[in-house]
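Consider the single chain below, provided in structure tokens and representing the form predicted on its own.
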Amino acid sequence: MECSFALVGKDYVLVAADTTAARSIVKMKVDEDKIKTLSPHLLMAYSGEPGDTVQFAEYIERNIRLYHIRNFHPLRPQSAAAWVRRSLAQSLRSRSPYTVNLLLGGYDVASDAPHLYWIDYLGTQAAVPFASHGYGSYFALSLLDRYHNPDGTLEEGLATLRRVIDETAKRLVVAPGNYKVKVVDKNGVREVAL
């Protein structure tokens, strides 16, 4: 029962993902970090098939790092999202497609603006003010639609995210217990506590 949530504030992107690794009815691990830091101002929450998610996230991380080394500057969030979407779309047309859903958040230091992209396993991409993947999205999207403030402070964003996680825990039958929350802003990526 994977859940990941993200929202954009005035000058930040907040991303949360559960820390449970499970297969069928068996919980394998409760401290899995499903948010990959791709560059100093870019992060990605991933969910889907266990082998695909880790392999695809590491592939994306290494290639974005390679771009940075070759070109002496990191990819902007818009460019990174387009490249990630293209990689997923190409894998979809291969013999071994990745079954991975992504929330890609970043802060563009050139334009001083936060960006959030929702990308699914079919290679569909959308720039969104808030997003969710997994079973928790049935409850999260309506709450985010009602309480999300695009000009809100980080504290308001954390309160909205806390409300979403509490509602998911209350209403989802097999709700994840713990979440890891990271924020990306002009100072870079860091982990925050709810």
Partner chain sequence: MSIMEYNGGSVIAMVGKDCVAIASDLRLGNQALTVATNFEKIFPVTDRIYIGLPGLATDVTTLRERFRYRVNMYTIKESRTIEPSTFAHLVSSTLYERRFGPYFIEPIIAGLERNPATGELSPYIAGADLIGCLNFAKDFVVAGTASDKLFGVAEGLWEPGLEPEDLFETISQTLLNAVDRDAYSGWGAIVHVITKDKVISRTLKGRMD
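Positions refer to the first chain, counted from 1. None of these values were measured; they are calculated from a predicted model.
The same protein has a further form, the form predicted in complex with the partner chain, not shown here; the description that follows concerns it.
Considering the partner chain in the model of the complex, the lone stretch of 60-68, 45-53, 31-39, 123-131 in range is 123-131 [heavy atom distance within 4.5 Å]. The partner chain in the model of the complex comes within 4.5 Å of a heavy atom belonging to Tyr138. Among heavy atoms of Ala89, some come within 4.5 Å of the partner chain in the model of the complex. Among residues of the shown chain, Trp118 is one whose heavy atoms approach the partner chain to within 4.5 Å in the model of the complex.
Interface residue remark: Arg76 is not counted as part of the site for the partner chain in the model of the complex, having no heavy atom within 4.5 Å.
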